[in-house]
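Structure 1 and structure 2 below are the same protein chain in two forms, each given by itself as structure tokens.
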Structure 1
């Protein structure tokens, strides 16, 4: 929208509401495009959806025993002992948290994996774990990996500030096993390499057999689902029977209509031209989209946040975050006092009720689009598995956006109601916590108990 004259904030917000609206017609187009990208990805052709085989199916629910899980998602590292009772109950018996020092993050692979195994050693000692027994272990390694079996995968590239030399292109499980040998730890058998999204599905489906879709809706976004082996053509399995969980990496889905604000955010990002769905849906980016809109409005409407330096307050990239938006949208006080307090903390001391209402509406415009796009993506996967919605589908979702953002879940379920009317009852969204912990342990149990999932 181009204008040379000042524009009232009311007119601008109405323009934004139209610009950011995702209609049911739009959602149907997204679903069709999603299906096309899924088909290409499963067939091994170039696609914005990588459709990575996990080499594991969801649990039967009778898996039992004591397992160790490792969770490396960034600078924080966890070691967990998880007990499965064989009756769909998973209990974390012990957990230790460690911070990866920068010298290990940026040193050599040997240093990093020796540190990780040192943490395992400390965990075993501190929790009096019997070293005379053998424990199956699953490693949740939340970095880009090309997985080739349930217990093998090469790191493609480091992210999140890690630069440890000698790891990229190497099999993560081999490096871990070598470090265990150097430490003379023989009570651990590494049986699985896990993805946190797959863990989310597995963790929920252990307690609820209707769960066939796992989703991350937090700082980032991703999904996995249960696919027929015969449909994963790129695996070239001779006798393709049964199912396997597929990690979609759906944050990279690119068949979407971008606004000028999306383009501006994308061009300033570390990965321009990629991860479009993630940039429109996930918590990492929602605040920045809203900030760009807010700066635009202060230029267009000289009355909005009058006599304050709003543009200066939010001039810095990423100075407005999804957690701020959550606070703003969650303010139900008569005079929007929480929003006033937030603005005062950012040097804006004289906002009017109209200013605060407008800011809340800006956040609602951005979060509503994110929720509807998330619902569209979930709809695409469910209708791929079950075009007529004949079965019940539970979607296990982890992430602060789904769990904590006011009204986010309700906006998603509203899409299902309007799309599928009575059949919307077949879709249930549930919070699935700790896929990288409990879910990883369950994956270790599946790997240990059966090799039939490995083609």
Structure 2
């Protein structure tokens, strides 16, 4: 539990700015530590970076066919029908989105997979898909999965609030196939399993060959990149030539300086001791860190949000979300009217302009650290691939933080400019939203063609 000494909000914000600063010196240390963890992970030693081989490389562009894609990884589950024309064009023909009920996220694996297959069933019916044909399906399953082939892998640990029992340690494709059989759906052949980062890299590089990094900055965070097969020592492929995309699971990187708020959040999470980088960077947690700070400040400064019971309004865990922070930081009105409206909606009707400015600064402190840590992690991966920054690197990024959070991208590119000066131009961040649909279909096409090419 955080204990609080009295302090004025001005002083408190300065203290926080200090506490949450990620200096260029810090970033250099993070890069070195990242490289050490990457090396250990690739060699098969214990590491906070799992460095999971995906069994797929960038596409050639001639992949073609019709595919069904599943996308599980956040609060929504999606089923898509995607068509590839073999000329670098991918078209989403149909998509259905389903909210995953809490009882499925946190119940049993059987419940969760039955829910997934129920959604597939509705999708087939709604789109009048002929059940007499056989469809290749690609499953974007955005959790840490130790893949053993392109279509097999065991869930290592749940993240992002999922806890469905009986799934950790099990092969995801077997669980999906069992659920398909329980519902007598036989028109689906599960061809590929992929992480959302891999889908993002693959989708972007379908049309842009300079893309060698796929990143998610959304509910969770993670990245994958192209690695030389010869560097993935744990695969033990003699005479390895070529490249393979590696899912880093960077959300679990743990060489980080935690604040008391981070520790408090971690302890109350469903996975204490794991996913430290994710808990400092991703959308699922930023609101909660800010809420803990806000509550602390209301206890310390009797002037902040005086006469209102802010602690009461925000007493519920996770009641402050990254979307709210986005709205708060995006308020550029002179009197911070949007923030006022937000506070009123939460039962606080008498905030002063100073209160609102303070709240905005709290959000800025938390989101700036997230953006700089994200940039540090991207820098680490790029300098691992290309220490002198000789080549151009396009980073395909998906996720609402990157796409929607005011100033997030600018704060990241600022790090590259300060770190690499002229050479920062070699790094381009692009919003790439097609990973779990188009990327997944491309991966299924690669998998299906390598199956046909088997001797």
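Given the structure is predicted, the values throughout are model-derived calculations rather than measurements. Positions refer to the first chain, counted from 1. Rigid core: the largest C-alpha set superposing within 1.5 Å between the two forms.
- Only structure 2 comes from the form predicted together with beta-D-glucopyranose (BGC).
- Core-aligned CA deviation for residue 146 between the two structures: 2 Å or greater.
- Taking 2 Å as the criterion, residue 407 does not count as shifted between the two structures: its C-alpha moves by less than this amount when the rigid core is aligned.
- In a rigid-core overlay of the protein, residue 109 has its C-alpha displaced by at least 2 Å between the two structures.
- The Cα position of residue 175 changes by 5.9 Å between the two structures once both are aligned on the rigid core.
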